[in-house]
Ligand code: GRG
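The chain that follows stands alone, in the form predicted on its own, written as structure tokens.
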């Protein structure tokens, strides 16, 4: 029997140790900036996106996790952390807590929080290029990630999220927001692992399709948890999306339909993984998909 919790914990430990190496507390630079960057980076994240990169790498036959993949996985987590710091700012979602702790701007002030996010974004690429993969693969990895976070990715989705507040609920808008703000970066994390390992195009195509479904499932579940989640488990306020008039799956389709859609997408993603890799080899990715759709935090 595959023990997913042990698998995940072992890789979380590896990622956390590497993050501490790539952004140590004694890094050169202003002390307050380093402290602010590390505060949110080590605030207890699931390390979901680095795990997706690791799984993509391992499923594609990668053998040198330490030198080839970890710099990329850590860079991905730094980008994710940058997005959280900025997303929590008063001008954006105006959140006081993240992962059960005061948000970055509540501890360090808005100016330092903005700069900490900016610094993590830049340091992410400085970290990623420390990977020993061939230059052509590195270019492909960076192209995949920058597309996922750019104009028609995370940032474009964030704009649609902000400008869509208090407007008439729209299925088209909510699907755009979810696929861009969250989905494309989750997809890119999985694909980046495959690219780093030199996966053939047919495998990258599977990661692309599965990653899309995982990303959308993740955000639909987030919408559901914002409605019915437990604040003590989530580590942040619930009901905030509704109060802010956000475009969410629950607001557009209702709670039950949102649950059914998340379940459908997860089932389709699992079937694709099983058809490509088999249940045994594909167990890490299958287990992660099940966690995403069943999670309560």
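These numbers come from a predicted model, not from an experiment. Residue numbers count along the first chain shown, from 1.
If you look for the form predicted together with this ligand, you will not find it shown, but the lines that follow are about it.
- The three marked residues, 45, 77 and 219, each reach this ligand in the predicted bound form, with a heavy atom inside 4.5 Å.
- Interface residue among 203, 138, 160, 84 relative to this ligand in the predicted bound form, by the heavy atom within 4.5 Å criterion: 84.
- Proximity to this ligand in the predicted bound form, defined as a heavy atom within 4.5 Å, holds among 130, 167, 99, 143 only for 99.
- Within this chain, residue 121 lines the site of this ligand in the predicted bound form, having a heavy atom no more than 4.5 Å away.
- Residue contact check for residue 155: one or more of its heavy atoms lie within 4.5 Å of this ligand in the predicted bound form.
- Using a 4.5 angstroms limit between non-hydrogen atoms, residue 149 touches this ligand in the predicted bound form.
- At the 4.5 Å threshold, heavy atoms of residue 259 stay clear of this ligand in the predicted bound form, well away from it.
- Partner contacts here mean any heavy atom within 4.5 Å of this ligand in the predicted bound form, and among 194-202, 167-175, 211-219, 68-76 they occur only in 211-219.
- Residues 181, 182 of 169-189 are found to place at least one heavy atom within 4.5 Å of this ligand in the predicted bound form.
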